[in-house]
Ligand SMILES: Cc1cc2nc3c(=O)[nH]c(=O)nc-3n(C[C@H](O)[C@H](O)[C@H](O)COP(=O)(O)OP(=O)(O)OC[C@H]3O[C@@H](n4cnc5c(N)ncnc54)[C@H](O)[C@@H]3O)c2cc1C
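There is one chain below, alone, in structure tokens, taken in the form predicted on its own.
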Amino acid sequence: MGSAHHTTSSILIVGGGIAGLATAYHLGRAGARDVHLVEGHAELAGAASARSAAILRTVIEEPTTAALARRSKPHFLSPPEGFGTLLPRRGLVLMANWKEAAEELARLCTSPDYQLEPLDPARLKALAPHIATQPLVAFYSPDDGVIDVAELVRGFAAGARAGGVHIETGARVVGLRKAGGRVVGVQLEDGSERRAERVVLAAGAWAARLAREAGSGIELQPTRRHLLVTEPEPGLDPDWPVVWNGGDTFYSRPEGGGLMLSVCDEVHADPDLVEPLPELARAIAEGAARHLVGVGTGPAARFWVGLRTLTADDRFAVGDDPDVPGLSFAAGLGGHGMSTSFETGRLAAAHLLGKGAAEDLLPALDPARLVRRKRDPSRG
């Protein structure tokens, strides 16, 4: 909990969501010493990570993000020591009912990286009888599916602690502390400080504000995405796959006896002001009426907002701030944090320990590319 004392660490991670915990886990495994993680909520992963759709989807348009997901996937299928089952429900159908989206999906799913099973109408109906959409193309990934986020978080936290990482919850960071132009720690809401030789922003949607106030020019855009779970419905099979339509964007998956639904909205957001918008509940209901048959059109049991932090090119920010010494990032995961968590955390740790030169994906994640750039709206 927060207190009046000051502590000093070699590495201080701001944020106990999936990015911060995965980084801490790999730092601990690599033998790093004096690593401290602070999380503002009373529970770990209590903000964006807790509001995610928990979908493992490794077929991703952006090549670097896709590589991170593919390299993480074996750990979901065969969890490392200290983790329980991470993928309790498997099966993902990817489809598209718009020509441009269908062409892109077919290119990805038939590439050597994936080679997924193409679905004819009969096979699609057998896998997902509740889907009314008539897609132009559809593919099946039997080893993607639904992540047990609670177990993923528990495993990362336990592994980090076992590696000597000190994890402090209920410690809300309100600003970064600087001395001589260098970030030297953070100030907490209770007035205390935590000092460090290196501060890593893994604070999800809050990373943008903290970085900007410290003088960083890195641009990260917090956005909201609405999700809805319907009331339990008779006849709904909990083993139905995740179904994701990349044309008329809409996805569904079984959850709690009902269906989790989203229209993949992307609205700029203040992470401290994320009340759900009623018009998005209506948009989800309209999507369900178009894409589903027999289920998914009942009342909502839950309706909430998930947080996703985007970058200008849809690649993550992992590495040092080019203009603010002492400041690093593991942020801008854009809704792919769960699927890429093992590899993203490993790369962030390698960079922090001075071992990043041998990592082929790190140059594409360098935060320096994100200084004062606008996001390309054509990327959706």
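What you see is a predicted model, and the numbers here were worked out from it, not measured in a lab. Residues carry their position along the shown sequence, with the first being 1.
Note that the form predicted together with the ligand isn't included here; everything after this is about it.
Only one of 284, 295, 171, 92 comes within 4.5 Å of the ligand in the predicted bound form through a heavy atom, and that residue is 171.
Only one of 220, 202, 160, 138 lies close to the ligand in the predicted bound form, with a heavy atom inside 4.5 Å, and it is 202. Of the candidate stretches 24 to 32, 49 to 57, 346 to 354, 318 to 326, only 49 to 57 contains residues with a heavy atom within 4.5 Å of the ligand in the predicted bound form. In the predicted bound form, residue 12 stays away from the ligand, with no heavy atom inside 4.5 Å.
The closest heavy atom approach of residue 41 to the ligand in the predicted bound form falls within 4.5 Å. Contact check for residue 291: no non-hydrogen atom falls within 4.5 Å of the ligand in the predicted bound form. Contact between residue 338 and the ligand in the predicted bound form is found at the 4.5 Å heavy atom cutoff. Applying a 4.5 Å heavy atom cutoff to the ligand in the predicted bound form picks out 225, 227 from 217 to 245, in order along the sequence.
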